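This document opens with one chain alone, in structure tokens, the form predicted alone.
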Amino acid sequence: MKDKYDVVIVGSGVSGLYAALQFDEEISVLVISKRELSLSNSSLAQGGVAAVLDKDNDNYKLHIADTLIAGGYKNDLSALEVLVTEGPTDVLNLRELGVKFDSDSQGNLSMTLEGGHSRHRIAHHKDSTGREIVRRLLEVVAEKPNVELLENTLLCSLQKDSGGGFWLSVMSEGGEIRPVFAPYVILGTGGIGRVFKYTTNSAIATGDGITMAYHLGAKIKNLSYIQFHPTGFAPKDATRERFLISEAVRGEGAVLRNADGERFVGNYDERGELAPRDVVSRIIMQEERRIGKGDFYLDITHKDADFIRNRFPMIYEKCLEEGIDMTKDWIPIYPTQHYLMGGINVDTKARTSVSGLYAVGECSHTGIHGRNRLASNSLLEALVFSRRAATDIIVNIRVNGSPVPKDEPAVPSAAGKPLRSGIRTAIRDILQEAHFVTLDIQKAKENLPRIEEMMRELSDEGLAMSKDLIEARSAVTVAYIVLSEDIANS
């Protein structure tokens, strides 16, 4: 690792890697990943990438309309138009790069259907699309001589330099903390799922980038717009990370059943199982209250067994590990935290309100999702706006050059008082109680003072810098912003 780069990208999901891919050899880029390079929410994305690629049977207006409906018409239309019109080119570019999307015998992309979509427009790689995209992007980016990839590397602090640019304090796997300077920083740090008790998110999703941007003064918008997926695998033994049963399973004909074995979603919404995921999540909660039973199932046993195994090999194997053969058994499911629609507010070039700081992917708020993300729009957003961020940075470097740092960086110390145990568990319990599927405003008001007290405790500069401290500070900051928004909007 050098002392200075033109661009530092924090996060190795699709948005971070696709951004890194855009820079030519004259621009030095550092990509840091808190854990292994392949561990990200992107890698867990099962369904695919939504894009209008079949102009005979689909069009941009339909994709926009479906997204607006899912988002409750709270979407930013200008950003949405950019997403839908530019996205197909990025999806085809992935294919040119060697991403193995499923195709028919003639080589045409196989497009599937998911909840909320009016057309078959989801390009996919079986049921592990995100993992396939990350796999290939990592291979391509690793070949670029101007890009350095570091895994198990923690961003400890992010400071603005008075001369322009940023100082980043970076902790290596061995525990050494070093300052790095960069005129431009792209945050692609993912979502906030690990701030909740149950989530589909990977271990990296603790809101670190959002928290650091917040403390730099960047505008955070709609952080309380949190999506709960209706079909998280519900094991008998409670586990924090819930394996996702993709929207595409319902798209291929799976139905939801209650504890009595009855289909019920159509009793609440005429779209049935293909209603948007926030709608289905709320319906499950309503049905639980109606019948007084919390057991729910996804049933695709009426489909051909070979089709199920070939179309959903990863889900099939995961279910088998839990003792469920989805070709014969109903899959136990329950809503779980899945995605963040809000985040660091950005414009259509992914610029935050802090000069030189960009945010892409799930940690950003482009406004395209509104109150609820339409299935498979997330990977598309990651592609389109990370490319736009990189393009804007390239233009700025060519026009303005790179600033020279003026300040001495304040590097945190790994020595100090240990973090009190149990604090993150307490934060998770609070959010699970106050903001799960439907808001409990009374619980939000009761718990906000507790969150504020924990914020004061964690701001102690005498605490030893560590991954646990960074993630605890992120969790409490996210909880504070979410509950504050809830109360302000109630």
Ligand SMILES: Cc1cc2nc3c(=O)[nH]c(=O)nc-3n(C[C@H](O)[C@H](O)[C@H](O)COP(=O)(O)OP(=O)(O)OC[C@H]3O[C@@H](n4cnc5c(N)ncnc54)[C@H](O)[C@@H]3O)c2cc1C
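Sequential numbering from 1, following the sequence displayed. Bear in mind that the values here come from a model prediction, so they are computed numbers and not experimental data.
There is another form of this protein, the form predicted in complex with this ligand, and it is not shown here; the text below is about that form.
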TODO: Could you tell me which one of I324, L155, L138, L80 places a heavy atom within 4.5 Å of this ligand in the predicted bound form?
DONE: L155
Task: Contact assignment for this ligand in the predicted bound form, among L439, L39, I27, L458, heavy atom within 4.5 Å - done: L39
- [ ] Could you confirm whether L244 comes within 4.5 Å of this ligand in the predicted bound form, counting heavy atoms only?
- [x] yes
TODO: May I ask you to state whether D208 is within 4.5 Å of this ligand in the predicted bound form, using heavy atom distances?
DONE: yes
Open item on the list: Is V14 part of the interface with this ligand in the predicted bound form - any heavy atom within 4.5 Å?
Closed with: yes
Task: 4.5 Å heavy atom contact, K445 to this ligand in the predicted bound form - done: no
Open item on the list: Taking 4.5 angstroms as the heavy atom distance cut-off, pick the stretch from 175-183, 388-396, 199-207, 280-288 that is near this ligand in the predicted bound form.
Closed with: 199-207
Task: Neighbours of this ligand in the predicted bound form among 185-203 [non-hydrogen atom within 4.5 angstroms] - done: G188, T189, G190, T200, N201
